[in-house]
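We begin with a single chain expressed as structure tokens, specifically the form predicted on its own.
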Amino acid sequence: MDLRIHRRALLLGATGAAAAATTGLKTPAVAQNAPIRLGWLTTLEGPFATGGQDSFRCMQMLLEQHNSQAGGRRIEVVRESSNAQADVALARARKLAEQDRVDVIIGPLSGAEGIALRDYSRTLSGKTIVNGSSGASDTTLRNASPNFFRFSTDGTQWMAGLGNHVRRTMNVQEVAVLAGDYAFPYAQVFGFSLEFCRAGGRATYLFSPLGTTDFSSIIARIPRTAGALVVVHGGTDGLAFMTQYAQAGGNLPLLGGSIMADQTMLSARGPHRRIMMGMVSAGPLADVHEEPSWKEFVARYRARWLNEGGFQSPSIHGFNYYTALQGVLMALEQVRGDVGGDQKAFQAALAGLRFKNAMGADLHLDHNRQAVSDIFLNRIEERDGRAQTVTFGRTPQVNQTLGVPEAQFLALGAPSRDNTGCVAAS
């Protein structure tokens, strides 16, 4: 099946195993005829296209498992593609909501896209947007929308534990942070720096625009005093940087942002794989994790997709979209497929969900409809003849302010290239 779809709407047919029905509940009469329409919006163009393809794979796998039904009603899917740019994501979301008349949108993938859809969701009546994989912290932390829900942790949360590990366990005093110059990397940089600098670390920050292909000037500016590199890039940007750093003979210990140490990078061929061995990162998942639910999920993913363009294990984007769809299907079961009444009952069901994600981590939403869940420390190792991320640490129930009181955290200001979160402990 070809998942490289560009601005093409597709109705997803029903295949797979039967859905688990909610016992003792009668299905509303509307379920006999009208399907629930889900809009799936991800990035199939631009630097994160491979992650976007995996997002569709993981959601389709889950929907097939549920026989394309929820709450006694058939599910129809309309797919749309963005290119990681906020204006394009907004245009595609408008098409889904206003022309295709979907009931729920699941997406987008990238940080600035998420903020744009958060703002758009405020204008929608009787519709809901559930975040796909976009990880900018401000999407839900500031100016949260009652119509926007995020079942994945954000970019700041994904770095929980890494700053302390680098400073206190690895005993690195100074790092160079190389990051993309847009909303998601700002969140990751902030999460890392908040811990690292409060533990006494120092950092130099080198930002580059999304879509950069030549990193030679950035590499030349890495301070000689740096004891390690923190690389917060992903997709084709991450591949370009790591390839050029390897070719330049770079040999500093590497620490990865969450979308750097991912199968979208590790599955690509090139000199970058040699220097990535041993890289430590943090995030919501890993390739190798001993939780039975994760092993079962990876086995199902490989059986379904390995021969159709899939990775050896799901990408971070695929995992996050899968978790988002889990939440949507559970809430639809609770309300027996009823998405009427301005979706108030459906949204209340979403807000009240508590479940374990595929990694076996407990997950619930906070007052801003933002996920609180576990974050893992990972190391890239050679396992079964290929590079894989392996969990070695776990930070339980990480909230969006990393345990800092919310008013105090908000007073630090929004993450940006000029507000990196590097504040020394008082």
Partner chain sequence: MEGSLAVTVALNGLTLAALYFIVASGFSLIFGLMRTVNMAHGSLYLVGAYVGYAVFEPLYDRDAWWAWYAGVGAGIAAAAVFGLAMQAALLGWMQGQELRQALVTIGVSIVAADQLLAVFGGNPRQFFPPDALFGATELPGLGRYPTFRLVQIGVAVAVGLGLWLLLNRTKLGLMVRAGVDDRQMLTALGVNVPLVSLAVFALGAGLAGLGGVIGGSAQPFAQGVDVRFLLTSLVVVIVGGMGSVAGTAVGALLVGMAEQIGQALFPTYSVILTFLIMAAVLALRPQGILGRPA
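Quantities reported herein were computed from a predicted structural model and do not represent experimental measurements. Residue numbers count along the first chain shown, from 1.
One more form of this protein exists, namely the form predicted in complex with its partner chain; it is left out here, but the text below deals with it.
* With its partner chain left out of view, which of 239, 124, 298, 166 would have a heavy atom within 4.5 Å of it in the predicted bound form? -> Contact residue from the list: 239.
* Tell me, out of 340, 146, 271, 253, which residue has a non-hydrogen atom within 4.5 angstroms of its partner chain in the predicted bound form. => Of 340, 146, 271, 253, the residue with a heavy atom within 4.5 Å of its partner chain in the predicted bound form is 271.
* Counting only non-hydrogen atoms and a 4.5 angstroms cut-off, does residue 308 reach its partner chain in the predicted bound form? -> Flag for residue 308 set to no.
* Close approach of residue 248 to its partner chain in the predicted bound form, 4.5 Å, heavy atom -> Judged by the heavy-atom cut-off of 4.5 Å, residue 248 is in contact with its partner chain in the predicted bound form.
* **Any non-hydrogen atom of residue 214 within 4.5 angstroms of its partner chain in the predicted bound form** => Yes - in the predicted bound form, heavy atoms of residue 214 and its partner chain come within 4.5 Å of each other.
* residue 50 within 4.5 Å of its partner chain in the predicted bound form, heavy atoms -> Contact with its partner chain, yes.
* **Location of its partner chain contact in the predicted bound form, chosen stretch of 313-321, 100-108, 276-284, 205-213 [non-hydrogen atom, 4.5 Å]** => Heavy-atom contact with the partner occurs in 205-213.
* So which residues in 170-184, when you check its partner chain in the predicted bound form, have a heavy atom no farther than 4.5 Å from it? -> The stretch 170-184, when checked against its partner chain in the predicted bound form, contributes only 181 at the 4.5 Å heavy-atom cut-off.
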